[in-house]
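Starting off, we have a lone chain in the form predicted on its own, written out as structure tokens.
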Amino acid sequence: MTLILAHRGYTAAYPENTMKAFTEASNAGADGLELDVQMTKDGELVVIHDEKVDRTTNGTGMVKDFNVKDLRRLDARFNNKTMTKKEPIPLLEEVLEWMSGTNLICNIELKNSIVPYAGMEEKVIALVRDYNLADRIIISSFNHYSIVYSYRVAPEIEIAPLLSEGLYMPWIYAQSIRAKGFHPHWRAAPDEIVKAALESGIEVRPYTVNKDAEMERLFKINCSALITDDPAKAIRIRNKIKTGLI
């Protein structure tokens, strides 16, 4: 069965990378989450996609220049008028603590391609181990040096390179860095690539799959997982395919 991972949580309806988006993804029936990690000035791991807080919060500036206390005062609802309650930027620890009471899997993307956060890998790994979640976590990044380093530090935690463009025989590349899978942009995941990877025992989890036709295509070829903003829609389509309605 193709798993459904909620991209930054249930972002089609809730503010991205917030506890609300994660809990609602779980309520919708997602199999797992995808989230992004940056680091504060005082070395805390926080869940936010951009290096700057400007797009997703009511603040301005770089994540790396905030102390965690000041960062947590910001409101991550941005322009979501449907929510009356303030949503802070979550700590990674907060998400993992909540996750440990669920059966969800989680793709943690290390956002260290632009800002080279020193010690990020070790801190993420320590938290994953603290909550005994090693078998439910995949560490990914566009910084492949970082995920290779993560594997060397913690071979028990799965890694997956993110690929924005097509790569020749990406399953061979994944095997060469000891990754059990790779996460391509959906345009870089045509049927023949997905099938060849699966036949080689390498999992494929394309991002960010929001169009009905792309979801249907990936479900029909039994892709390992898809990462989507709308887990509820993905579940509806998966169920229709399962029952032969599509």
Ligand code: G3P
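As the structure is a computational prediction, the values presented were derived from the model and not from experiment. So that there is no doubt, residue numbering starts at 1 and follows the sequence shown.
Omitted here: the form predicted in complex with the ligand. The next part is about that form.
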{"query": "Heavy atom within 4.5 Å of the ligand in the model of the complex - the one residue of 142, 173, 131, 98 that qualifies", "finding": "142"}
{"query": "Complete contact of 28, 230 and 238 with the ligand in the model of the complex (any heavy atom, 4.5 Å)", "finding": "no"}
{"query": "4.5 Å heavy atom contact, residue 49 to the ligand in the model of the complex", "finding": "yes"}
{"query": "Heavy atom of residue 87 within 4.5 Å of the ligand in the model of the complex", "finding": "no"}
{"query": "4.5 angstroms heavy atom contact with the ligand in the model of the complex for residue 111", "finding": "yes"}
{"query": "4.5 Å heavy atom contact, residue 162 to the ligand in the model of the complex", "finding": "yes"}
{"query": "Proximity to the ligand in the model of the complex (heavy atom, within 4.5 Å), stretch among 67-75, 116-124, 101-109, 151-159", "finding": "101-109"}
{"query": "Contacts with the ligand in the model of the complex, stretch 1-32 (heavy atom within 4.5 Å)", "finding": "7, 8"}
